[in-house]
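The form predicted on its own is given below as one chain in structure tokens.
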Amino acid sequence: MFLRKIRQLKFEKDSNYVTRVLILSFPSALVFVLLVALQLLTPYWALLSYVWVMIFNMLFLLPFSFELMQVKMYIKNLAQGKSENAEDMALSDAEAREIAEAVNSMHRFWAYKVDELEAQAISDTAVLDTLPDPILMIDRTGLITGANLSARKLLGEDVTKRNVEQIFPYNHFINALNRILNQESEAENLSFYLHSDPDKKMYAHIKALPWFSKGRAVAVISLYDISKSVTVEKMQADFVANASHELRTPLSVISGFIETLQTTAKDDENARHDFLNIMADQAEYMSSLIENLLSLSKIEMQLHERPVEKTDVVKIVSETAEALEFKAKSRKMKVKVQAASQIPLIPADGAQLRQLFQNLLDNALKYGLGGSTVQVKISVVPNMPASKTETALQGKAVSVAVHNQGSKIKPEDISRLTERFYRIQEHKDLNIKGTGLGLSIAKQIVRRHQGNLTVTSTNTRGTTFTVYLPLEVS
């Protein structure tokens, strides 16, 4: 076993063993040379004695060198990550055993520390990955050394292999980061639009790490998506501006009639009757206007919330048509709904679809020829037509076409029909009541459902509003 261990350790190649034997035998050689020089010993006996001393030294050093070699190989294997057992070594020297045991204890200690650090790193990574906001760690050169799951989803899986300037090529961003890296500032805050998505506005908080922090990272960038907040603020501002602008006229009318009734027409019964009717109409208009504005604002706030509940489009259209039957009869008109067989359920907000088709059918009755029929056809199309202004999903869709007979809508008017408060001049001249928000609401509902809304109008065939709703939303 001893010789096998020697061969396993390649002991014969250990030049240090020969060196030790020669060093230990060197004083004896000097003594024998001196004895021969003084003629106290013959060269033969001196050489023979020296050979015996060499043999003795070899036998004396062999166990120690062998055990030293074992400890050396054991430490090398541990350093290379190989699994070794100190008990497998044939150590007879007490000090060698103590050294091996000390090395083994140190290895177990550091292995435990490494496992502990790895577990802590995994735990820290898991915690960072659960955070909803993107977080980036930056080194002294501006290289991204770490990114949580949200950051990788937003900026790409290879984000940790890139420099900050490649991700955020904005002068004010780079200047803010340089102030942090050059220790001119401890924290910087700024906002910007994402280069890969111009519609996404981000807020960045850049913070220098404390001086006692370890690792390559010297700064952390926290990103927050403020697109929705900006949208909400803009909608609130638009709502106030639109409401104040549109309400100014009816309020002025009502205020003027009230002042007249309080003064010059105070005792005029006929004027009072006419003025009160006009005031009632204006109040009704204001009520409709505010209701539509609130509805539009609510829909716009939900634009990025995709509906998931399965909805029966045929049922909603049929019920809406029935609800408008009284209005149709008042104009001697009819609403006829034709649905293809096996129209599938689609992911949609039922309440919003009801409002969408309410607006379209109401407009068809309001602006159609008296005594005519409004045709509603529901079918499935193999591919939704692309939208010129919005991003509509491709693939199969449910098509709902609302057709009425009436005067042709000019192309320049068609392009503006879904603008807020836009009304065709002809309709204004005919004194047809409306707020100009119905089709704006319809457009936003279609946008939320990732669909499309098209309008065609001719002198002979009338006008058709077609809504396309995808079978699946993303």
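Numbers follow the displayed sequence, beginning with 1. Quantities reported herein were computed from a predicted structural model and do not represent experimental measurements.
There is another form of the same protein, the form predicted in complex with a small molecule; it is not shown, and what comes next is about it.
Screening 443-451, 417-425, 26-34, 40-48 for residues having heavy atoms within 4.5 Å of the small molecule in the predicted bound form returns a single hit, 417-425. Proximity to the small molecule in the predicted bound form, taken as a non-hydrogen atom within 4.5 angstroms, holds for one residue of T320, N148, Q352, N363, which is N363. Exactly one listed residue, out of Y170, Y203, F275, Y367, brings a non-hydrogen atom to within 4.5 Å of the small molecule in the predicted bound form: Y367. For V53, no non-hydrogen atom is located within 4.5 Å of the small molecule in the predicted bound form, even though that partner is not displayed. Put simply, S399 is far from the small molecule in the predicted bound form: not one heavy atom of it is within 4.5 Å. At the 4.5 Å threshold, heavy atoms of I409 reach the small molecule in the predicted bound form.
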